[in-house]
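Before any questions on how it binds or moves, here is one chain, the form predicted on its own, in structure tokens.
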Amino acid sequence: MALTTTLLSSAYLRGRCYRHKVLHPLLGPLLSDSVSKSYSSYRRPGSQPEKKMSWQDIDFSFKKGFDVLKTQLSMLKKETKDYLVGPGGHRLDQYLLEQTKVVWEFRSQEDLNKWVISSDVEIGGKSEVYLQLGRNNQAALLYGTLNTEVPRDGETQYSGYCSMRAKPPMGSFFRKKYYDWSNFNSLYLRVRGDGRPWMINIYTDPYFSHQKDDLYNYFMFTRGGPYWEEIKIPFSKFFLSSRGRIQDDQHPIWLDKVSTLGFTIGDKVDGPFQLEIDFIGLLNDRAHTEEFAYEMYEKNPRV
């Protein structure tokens, strides 16, 4: 009897997961929360498990489903038209001769909605971070307070960080899309900070599952004061890290599969911080010829 019950339960779970895979392209906004909760197994120490079943949070509506389908079909139509025109919707000659490109700018609330902010509150910390439009709606203002006090949960050892990250691009029917920056060699920003250092993080799509925590980092030092500064960072300067540790096996960024970009502050100095960002763009600096700034080890050297 116990064996029969186990087999029926496993068959039910497999069927439920399969239905989620089939319905997710059409009902993504309706099922995303429930699917993520059902597959999330981590809980903070001392927190109580959820007693409410995941399927009880699903707000199913035929009208909403048809609206989502209509929106996704229009996105698919635009993607097809852009693909027929050329890379990124531009003619091939324009794409090859492109020297600069603005990827993100901040002029409206819609531009801010493309970003998400987070802090050590997620692990029980006390840092605060906020994002809003700056003066005259001409920049994004990221501000808050850093607090390095470690939560008393018996597990966390370090705390004190705030971050801002762009949402990954999505294609029609909730397909993953990536930025292709292979035609450029530098990141170009216009910012105004308070003198505190920041970490710029570039996330790429991993080819293997064990690389899901890999990201590329480099430092951005703001000088403070009332004046804006333009910062150019070659992609060859970004180094590979995983879960906060710099890796021995370094390699250049896969610029053809960039997922998103983010900023992190964690300089272990308690107090307020502020960063204004006008735009984030790309630059093809033909005077920069460096391919990679760090030593790469040969895994199978010839004897």
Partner chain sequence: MNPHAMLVSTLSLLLGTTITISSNHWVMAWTGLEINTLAIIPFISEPHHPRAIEATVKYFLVQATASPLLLFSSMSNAWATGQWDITQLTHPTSCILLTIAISMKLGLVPFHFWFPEVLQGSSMTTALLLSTALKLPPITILLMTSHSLNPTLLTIMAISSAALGGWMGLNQTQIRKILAFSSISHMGWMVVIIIYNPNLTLLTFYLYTLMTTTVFLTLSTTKTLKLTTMMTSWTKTPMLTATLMMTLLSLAGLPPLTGFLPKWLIIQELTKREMTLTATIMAMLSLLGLFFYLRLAYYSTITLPPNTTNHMKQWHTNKTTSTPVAILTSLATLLLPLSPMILTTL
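Positions refer to the first chain, counted from 1. Keep in mind it's a predicted model, so treat the numbers as computed, not measured.
From this point on, the text means the form predicted together with the partner chain, which you will not see here.
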Non-hydrogen atom within 4.5 Å of the partner chain in the predicted complex for each of D194, T222 and Y294
no
Going by heavy atoms within 4.5 Å, which of 231 to 239, 274 to 282, 247 to 255, 62 to 70 lines up against the partner chain in the predicted complex?
247 to 255
Contact between N183 and the partner chain in the predicted complex at 4.5 Å, heavy atoms?
yes
Hey, in the predicted complex, does E105 get a heavy atom within 4.5 angstroms of the partner chain?
no
Does Y216 reach the partner chain in the predicted complex, with heavy atoms at most 4.5 Å apart?
yes
Wondering, does Y83 line up within 4.5 Å of the partner chain in the predicted complex on heavy atoms?
yes
Proximity to the partner chain in the predicted complex, single hit among L112, L76, I123, L97 (heavy atom within 4.5 Å):
L97
Does any residue in 190 to 214 get within 4.5 Å of the partner chain in the predicted complex, counting heavy atoms only, and if so which ones?
P206, Y207, F208, H210, Q211, D214
